[in-house]
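In the block that follows, a single chain appears as structure tokens, in the form predicted on its own.
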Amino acid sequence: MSTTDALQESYQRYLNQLFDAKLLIPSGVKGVYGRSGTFENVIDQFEQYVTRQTRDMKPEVVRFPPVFNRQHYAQTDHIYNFPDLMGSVHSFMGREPEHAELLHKFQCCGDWAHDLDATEVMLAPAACYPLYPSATGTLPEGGRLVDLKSFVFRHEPSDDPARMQSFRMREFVRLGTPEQALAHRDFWLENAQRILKSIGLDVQPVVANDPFFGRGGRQMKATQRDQHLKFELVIPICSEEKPTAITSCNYHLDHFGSVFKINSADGAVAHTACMGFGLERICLALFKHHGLNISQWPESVRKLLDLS
């Protein structure tokens, strides 16, 4: 059996176990699943644990919807770097004659989606994207520390249960000076490891890169890795040889500060950094490493997550 075939088999095996345990619910689309109350409770309890661990930091708590302004999206470089991952929201905007034509195509199995027009919103590819346009202007002394959470979308249908198209990120974002942003990234690289290891997930930090698209993307991947701008915390879920990233720590330099005209208190262009917990992936890792029956998890983990 080839490595690829073995990996696909391991994906399907774990996915079937999750379905059989009624933790995930199939939808007929790869990477799109319903979640059971048990699955959601583990995510909720993990989030509450994170909140308790960060209470003394006093972050601003902000929650954006999973869609954001199309014009703001156009100001980012996402369409250049990740066109294969983006999601655009379209809707019907015609009148009765156009509706009749739409129904005719729909009923005849025609390509009715071509009759839909782009709305004013895009699906958010990261929880932090809507934050930056809202931060235009001068930051307070000391910058900002923001606690975010949102469903995000990435069009990458896969048999890997950990590679969902729609999933949640809990992020802590720092906006400020280069020193503040870099210190935030480095702090969370250590702190996220501590949090995850305390609940029995023996994550390992690795230098990483985003999946930049196309020929030019190869150079951007190399640059990102060479400058150590992105780290991931990985752990085996379906494969020991190909562990899964369940947390990422990113330093964006002044990219978002320049695009959205965000300045630090000293008037310089602000730098930003973020740390994101992949909530579904963390939940999948917990079930993989501790078993599908929560009552049999280690007592220390159940106590920390208040699952007793």
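Numbering starts at 1 and follows the sequence shown. Values in this document were obtained by computation on a predicted structure and should not be read as measured data.
Keep in mind the form predicted together with another copy of the chain is missing from the figure; the text below concerns it.
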4.5 angstroms heavy atom contact with another copy of the chain in the predicted complex for Arg185: no
Contact test in the predicted complex: Thr51 vs another copy of the chain, heavy atoms, 4.5 Å: no
His99: touches another copy of the chain in the predicted complex, heavy atom cutoff 4.5 angstroms: yes
Proximity of Val32 to another copy of the chain in the predicted complex, heavy atoms at 4.5 Å: yes
Per-stretch contact check against another copy of the chain in the predicted complex, the hit in 83 to 91, 177 to 185, 190 to 198, 230 to 238 (non-hydrogen atom, 4.5 angstroms): 83 to 91
Non-hydrogen atom within 4.5 angstroms of another copy of the chain in the predicted complex for each of Glu120, Ser134 and Pro157: yes
Option touching another copy of the chain, based on a heavy atom within 4.5 Å in the predicted complex, out of Leu279, Val62, Ala245, Val259: Val62
